[in-house]
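Encoded as structure tokens, the following chain is the form predicted on its own, with no partner shown.
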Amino acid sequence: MKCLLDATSVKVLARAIHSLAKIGDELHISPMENGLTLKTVNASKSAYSAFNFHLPFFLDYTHISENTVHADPEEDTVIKCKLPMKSILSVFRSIGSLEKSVETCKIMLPLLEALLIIEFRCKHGIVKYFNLRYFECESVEAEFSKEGYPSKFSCSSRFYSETLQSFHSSTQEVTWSLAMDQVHLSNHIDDEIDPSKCVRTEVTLVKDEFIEFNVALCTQVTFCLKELRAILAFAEALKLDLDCRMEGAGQPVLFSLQKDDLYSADFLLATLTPALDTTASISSRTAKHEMSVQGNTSNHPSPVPTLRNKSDSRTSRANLVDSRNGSRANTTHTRLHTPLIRQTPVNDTPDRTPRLNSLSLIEAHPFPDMEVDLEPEIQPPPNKRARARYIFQNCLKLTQEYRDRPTEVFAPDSEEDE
């Protein structure tokens, strides 16, 4: 594989790599006949991301790796590989520096060298070379169909970013509640000891604020916020619109973006499987659609959400396919489990004693009558003057005691002369 990029394309490529680095730890490189694809999957296989750079994106592109040792067209082949994200980030670490100094970038995958060669031609005739070791493997795939989702809405990425600023930075999961005329966002809270101490954030987006709004199914979907922030970081920097496709709770959510015929990106995120009850964080407006949501999600009894399959029907599951061993790895999530639902209202106080108070009732000593000084008080050291007095007093102590000690008189003093 060999490709050549200009300065503008290098900046886009660097932002794409930074976005993928926030999701996964490995970068999969798949040269195709119609362009270059960069993919990654997170550790729990609950998020899949793919950037597709088409032919107009490059100044020059060849997807076949040439034999650099013995030129033989029959031995030329297509290399699909992966490499650690840290190594590729060391090359594209500073986006601002690349934008100011790099004029062209050449990326090569020779056949027999097992190296990803990146060449930067900078201003003033400076040339930089980077040789990165890679692991040859089959690329991971996620089969899905964009036409199979009943609900789709589009909006500018900046609008999404401003909406998510209302949530605290420690928020891990967000619940999207779809209605026919609005989208309701709220932070997802697991079963807590005291729900009244939890901070709840809710934002409502009306239909008029979207570029395209087509909701055919009122449902409620919960997924991680970390991957969504990585998507918005790329889209907002390039001022792109973001399309969101949803089906139902327990089914994956698809975010996609596209820039003319230059490049496109797809982000597939797993969602939480719904429970039979409703959580304490559901708003009163969303609770009106509770019965319809339970009716739509009753067909998904599995506690682990899966990605959608292109070849199956619309309610089928999609899996991440590892084509090396031919097995399918189900998409899971580190926090993807059936949540423990509380039916207690938010303002009610739990009847049970708080855990902190119960621990404070435990006696520290089994025998309270015995006074045990476990931590003796340590006296501070004396000052220099007192320390010197103490030393010299000990030196003269024996002499003083000898003088004060009573002694036996063998020869009394003679009488004084009159």
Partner chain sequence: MKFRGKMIDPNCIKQFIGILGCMTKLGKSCILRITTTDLYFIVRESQTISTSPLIWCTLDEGHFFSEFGMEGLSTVDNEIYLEFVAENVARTLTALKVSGTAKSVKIKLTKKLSSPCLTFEIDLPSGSNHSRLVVHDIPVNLVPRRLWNDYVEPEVVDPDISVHMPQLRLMKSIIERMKNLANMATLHVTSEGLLTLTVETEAVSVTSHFDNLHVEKQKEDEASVTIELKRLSNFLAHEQLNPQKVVCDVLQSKLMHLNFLSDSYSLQYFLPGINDQ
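On a predicted model such as this, the values are computed, not experimentally measured, just so you know. Positions refer to the first chain, counted from 1.
Omitted from view is the form predicted together with its partner chain, to which the following refers.
- Judged against its partner chain in the predicted bound form with a 4.5 angstroms heavy atom cut-off, the residues F159, R200 and L205 are in contact without exception.
- Comment: 160-168 is the region of 87-95, 252-260, 160-168, 118-126 lying near its partner chain in the predicted bound form, near meaning a non-hydrogen atom within 4.5 Å.
- Checked against its partner chain in the predicted bound form, the candidates E103, D190, E209, E113 yield a single residue with a heavy atom inside 4.5 Å, and that residue is E209.
- Listed residues T77, N131, S196, N214 were compared with its partner chain in the predicted bound form; S196 is the one with a heavy atom within 4.5 Å.
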